[in-house]
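Next comes just one chain, in structure tokens: the form predicted alone.
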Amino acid sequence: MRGFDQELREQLLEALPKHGITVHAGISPEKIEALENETRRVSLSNGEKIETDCVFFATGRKPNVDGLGLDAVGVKTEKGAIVVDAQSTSSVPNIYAIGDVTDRINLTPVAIGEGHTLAERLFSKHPPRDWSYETTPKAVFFSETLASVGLTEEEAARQADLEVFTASFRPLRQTLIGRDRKAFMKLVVERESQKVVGAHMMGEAAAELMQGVAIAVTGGLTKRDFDRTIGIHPTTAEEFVTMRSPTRQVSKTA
């Protein structure tokens, strides 16, 4: 969950046991053995052994540039990724790179946006559109969906004093169907300007809600703009416009 707001990550960690997931924090697998009937035994660094029918590795990914002959034409790479400037130009002026091979924001809509911008810059008679990559929304689709846009609390605190608004509750729909699942919502606001610089959520339909909130954050709206917006009741989304008092004040960090 690197890159997500720390408090949002903690909320997910708290919710995982409700989905039958056991977290082994600070422990690494040391050995995997094949047993009979396709069973696997995983030996952990704390001495514990787990027998299971499946072991799944999620160790990350890297740009797939092998075999492109980049060295032969002088295209610079760094940690396997093609180095480009703000216009997607590589170290060779007539060679461009977009998408995951640049290892910037590895999301399909971002690659599409970079492609549109590059094509317009190279071939259109009009100036390229102004995409807001800084406020690219993101989501992790899980039993408890995570969604986020803008700065985390930690990132924002390095730039300005903050007011942080949070809400944690059991949505009405979950109550009616008898499920013990809660939603967590958070707004990160610059104290002086009152600009909403980050929004974060865990819960059902979090990604769907965050797409709309991303427009507000991209547009530079303030907490007052959120406050003066009437909510749709009863919905989970209305909490984003009804959080009136800050949960905490955060001073700018060094």
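Nothing here was measured: the structure is a model prediction, and the numbers come from that model. Residue numbers run from 1 along the displayed sequence.
Not on display, but discussed next: the form predicted in complex with a small molecule.
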{"item": "Options 107-115, 146-154, 162-170, 70-78; stretch whose heavy atom lies within 4.5 Å of the small molecule in the model of the complex", "value": "107-115"}
{"item": "Listed residue (T229, N64, T52, Q211) with a non-hydrogen atom within 4.5 angstroms of the small molecule in the model of the complex", "value": "N64"}
{"item": "Heavy atom of G99 within 4.5 Å of the small molecule in the model of the complex", "value": "yes"}
{"item": "F141: touches the small molecule in the model of the complex, heavy atom cutoff 4.5 angstroms", "value": "yes"}
